[in-house]
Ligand code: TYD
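Form predicted alone, single chain, as structure tokens, below.
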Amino acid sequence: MTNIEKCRIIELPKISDARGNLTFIEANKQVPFQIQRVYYLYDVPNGAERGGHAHLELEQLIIASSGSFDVVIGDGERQKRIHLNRPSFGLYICPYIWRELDNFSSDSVCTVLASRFYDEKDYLREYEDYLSLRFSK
């Protein structure tokens, strides 16, 4: 199985009643890793793009907590565009996957759960560098 095939939508538990919905996330249960960091993107200007990098070791779960956006993932050979618009679904991204986020709605909040603390050395920020490393393995 290639890395892009390991990337998948994970349905998160959703508890609904007359008061609204509640979704919870537990490390190593709904998320296949220990959560070390959580961050979120919001107030993304119309037409802006985020991401544009890959990670050497980091795993992520990307959730549209509010609104919607697209995540484009690729492995240097294949590419997929995934539209996220429900807070009870997240996109799992494994290491060595290039990702770009775009098409943000005006009310979007993108929540990201990460398997590692921030480490700039884990980032591949240039696509050419990513391809060189990806195909040298």
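One rule holds for the numbers: they count along the sequence shown, beginning at 1. Predicted model, so just to flag it, every value in this text is computed and none were measured.
What follows is about the form predicted together with this ligand, which we do not show.
Note on contacts: among Leu91, Val31, Leu41, Val72, the single residue with a heavy atom within 4.5 Å of this ligand in the model of the complex is Leu41. Remark: Arg125 counts among the residues lining this ligand in the model of the complex, judged by a heavy atom distance of 4.5 Å or less. Taking the partner from the other structure, this ligand in the model of the complex has no heavy atom within 4.5 Å of any heavy atom of Arg86.
At least one heavy atom of Tyr118 is located within 4.5 Å of this ligand in the model of the complex.
Although the partner is absent here, Gly51 is a contact residue: one of its heavy atoms lies within 4.5 angstroms of this ligand in the model of the complex.
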